[in-house]
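Next up: just one chain, as structure tokens, the form predicted on its own.
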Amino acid sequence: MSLELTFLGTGSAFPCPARGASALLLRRDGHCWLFDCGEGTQTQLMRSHLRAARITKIFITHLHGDHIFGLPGLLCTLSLQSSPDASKAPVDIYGPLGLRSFLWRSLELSHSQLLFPYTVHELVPTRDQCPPEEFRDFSGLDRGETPAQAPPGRVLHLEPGEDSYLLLEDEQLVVRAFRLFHRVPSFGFVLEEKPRPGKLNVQKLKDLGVPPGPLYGQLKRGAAVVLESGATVRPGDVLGAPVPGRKVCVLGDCSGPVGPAAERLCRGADVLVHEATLEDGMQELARERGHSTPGAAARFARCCRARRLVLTHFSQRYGPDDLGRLKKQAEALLDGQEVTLAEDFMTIEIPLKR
């Protein structure tokens, strides 16, 4: 099963000819999930090898414009390319409280009607995710004003025991969000595949008298089988150790995590995508603006024992020739472990574990 990340925009604040605003697309077995949607994201999609029509889920880290201004336009373009279909599954959009109002007001005021359904699932932030003077309580936003055509969706609260938000879970994977500190509440997202069954031990199958064929598949799927002899063979009798799934962590803008969940959820990540807006020599300014430096990103990656750190969200002050020193600053804290500098249209493949 394929799993890959394609960076559509790796710059901060605004799009420019050399570097688009924040957007990252994750493809898994043909399904496309978009993380952030800065201005110009749909143009970046058109310039890439990706198909925007395959996007089924969108995750917004925070409500700053360079991460959301492209979203209403992208939805409208997807609608223009769609046919009315009431049976079509909705596009699920996850993001901070206030995102639902931003979307339906943008579409309402622009007289835009989408030909496909969408739902908005809002994460309720905590007050310690940004400076006190910057916190806005959007819990009563548009109360009594929201029209019937506003998108449905859940309101997700922090799970105290987990210190995180459970966004979705199925037989194959789980997606959670955790809190970050920024100038406005920001979030990180973790996609983790569940372990796959281990390999069948063919010799044990023969010894136990299991005939080749459909019974092998049942055991592989975790179901016990009963042989003609009346003996029961359970998966644990013939399967090797479970194979760990892959883990991808995408952090929004931040100067650091809030609470213990981030380090725990990101532990052992195959890929950790972390912002590094400013170089280490500007760490005071970075902290003041709620951002990270390469050194800060590397320290978090080291705590999490991430296998691969990818830096992104670079200040537009840095040209291609300047980014080498940001890479060296991060690598200096990771004992020589290679750090990847994200570039627009770069694709990273994450292979299955064996």
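If you're wondering where the values come from, they're calculated on a predicted model, not measured in any experiment. All residue numbers refer to positions in the sequence shown, first residue = 1.
Same protein, other form: the form predicted in complex with a further copy of the same chain, not shown, and the subject of what follows.
Not displayed here, a further copy of the same chain is approached by Arg47 to within 4.5 Å at the level of heavy atoms in the predicted complex.
Not displayed here, a further copy of the same chain is approached by Asp142 to within 4.5 Å at the level of heavy atoms in the predicted complex. a further copy of the same chain is not shown here, and in the predicted complex it never comes within 4.5 Å of any heavy atom of Ser229. Residue contact check for Ser83: none of its heavy atoms lie within 4.5 Å of a further copy of the same chain in the predicted complex.
Proximity to a further copy of the same chain in the predicted complex, taken as heavy atoms within 4.5 Å, picks out 36-44 from the listed stretches 53-61, 307-315, 322-330, 36-44. A heavy atom within 4.5 Å of a further copy of the same chain in the predicted complex is found for one listed residue only; from Lys206, Lys199, Arg154, Arg136, this is Arg136. Think of it this way: in the predicted complex, a further copy of the same chain has a heavy atom of just one of Tyr118, Phe181, Phe102, Tyr165 within 4.5 Å, and the residue is Phe102. Of the residues in 1-34, those that come within 4.5 Å of a further copy of the same chain in the predicted complex through at least one heavy atom are, in sequence order, Ala13, Phe14, Pro15, Cys16, Pro17.
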